[in-house]
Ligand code: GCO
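Below you will find one chain, with nothing else, as structure tokens; this is the form predicted on its own, and questions on how it binds or moves follow later.
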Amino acid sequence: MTEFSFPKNFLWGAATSAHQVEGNNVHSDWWAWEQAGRVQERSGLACDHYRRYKEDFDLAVSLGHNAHRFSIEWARIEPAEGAWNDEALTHYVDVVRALRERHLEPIVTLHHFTTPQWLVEQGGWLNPKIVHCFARYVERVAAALGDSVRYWITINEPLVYIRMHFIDGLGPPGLKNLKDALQVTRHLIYAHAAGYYALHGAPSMRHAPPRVSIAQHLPEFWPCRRWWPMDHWITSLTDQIFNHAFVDALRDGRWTVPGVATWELPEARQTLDFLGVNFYGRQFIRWKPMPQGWPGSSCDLAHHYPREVKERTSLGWDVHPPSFTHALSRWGHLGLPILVTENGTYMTDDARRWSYIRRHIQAMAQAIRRGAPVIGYCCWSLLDNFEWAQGYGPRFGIVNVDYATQRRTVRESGHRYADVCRRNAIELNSA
């Protein structure tokens, strides 16, 4: 075994999102969705992080972290159209101050799957108005937080959000329509660009220019049946749709999906200062005919398991750390710094959780060795939390949460991860 040392000032931390941990997010579309009985469990108090954030940040410090990714809840800041909640905004100012006091680098996400309910009632992401509304919200947050935040994520996993809410119907507004999904895609691109310019144009940012990105879910897509040309074709198309098209729009101002559309979007060109990467594994793709009413052909994104799949998470997801090395290496060619904004797993056996985290950190180290410009790693998640349509069953936290008492208990995986953070190094196989 040899020891690999990460670059100086490497960011080590964990991630959370507002609706999943804060509790009582009563003005958001997800809260309304839950109250309507559209999911198996309601978020309710969640982890009570809105009140316990200092306690949770103390835990992060005790585990050797020097960064923390969290999200600001738009529905708290603007619970009704044009009605700004200064108390909620002050809360997030206090959150950032608490992070700075603990020497934790704040990584702020502005939209993590939730939207104010009043805006959804006006069409939400299907309404072009949302771009202006999002920019206005970002301006408000930027004015309050100023240059106390360097790293900003405008939109978390835009393609996952689109698929979950507008194709699979698993979240509000519960649609299953390709045309709507394409319209939302365009609006998300414009919203990111508007947010980018709002942050860079904020007077409060003049002394320390912000670094702005999205958090892009970047799985490795493999053909399920290597012998079937159509699986190769649909895998390539899926990779273009889910991995490349959105990032290309923010780099080159052009969104392209062969056989679907090409959009010229000059407003979005060069609106990435780094690339936020969320990674959870490989996905095997099978070709199948489109459902009735959809043109052309489709991919089957269900979890398939060819013989080469040797390990799965407790949710049935493929575990393949070399794919993480490959993903970071190929996206490193963009020439942008890479910040791993999410990587983690749900395992009922915590030893297997740590094995997953350790091997993925080792895979990241191999990518850095090959030249990938990775600047930090955020484990998902600091706390067990509300996992959207799956409720409180899956537990991704390196800290266990007893939801009945809100007691936090650091898992052994959290302690083992802490050792890597403190040493800024990990052992690699000599080979």
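Please read these numbers as outputs of a predicted model, since none were measured by experiment. Start at 1 and count along the sequence shown; that's the residue number.
The protein also exists as the form predicted in complex with this ligand; that form is not presented, and the subsequent description refers to it.
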TL;DR on 365 to 373, 39 to 47, 387 to 395, 58 to 66: the one with heavy atoms within 4.5 Å of this ligand in the model of the complex is 387 to 395
Answer key, this ligand contact in the model of the complex at 4.5 Å (heavy atoms) among F70, W33, Y377, W380: the residue is W380
Heavy atom within 4.5 Å of this ligand in the model of the complex, from candidates N243, T271, T235, N278, belongs to N278
Within 4.5 Å, heavy atoms only: does Q20 come near this ligand in the model of the complex? yes
E342 near this ligand in the model of the complex, any heavy atom under 4.5 Å?
-> yes
- prompt: Could you tell me if N156 has a non-hydrogen atom within 4.5 Å of this ligand in the model of the complex?
  reply: yes
Decide whether H112 counts as a contact residue for this ligand in the model of the complex under a heavy atom distance cut-off of 4.5 Å.
yes
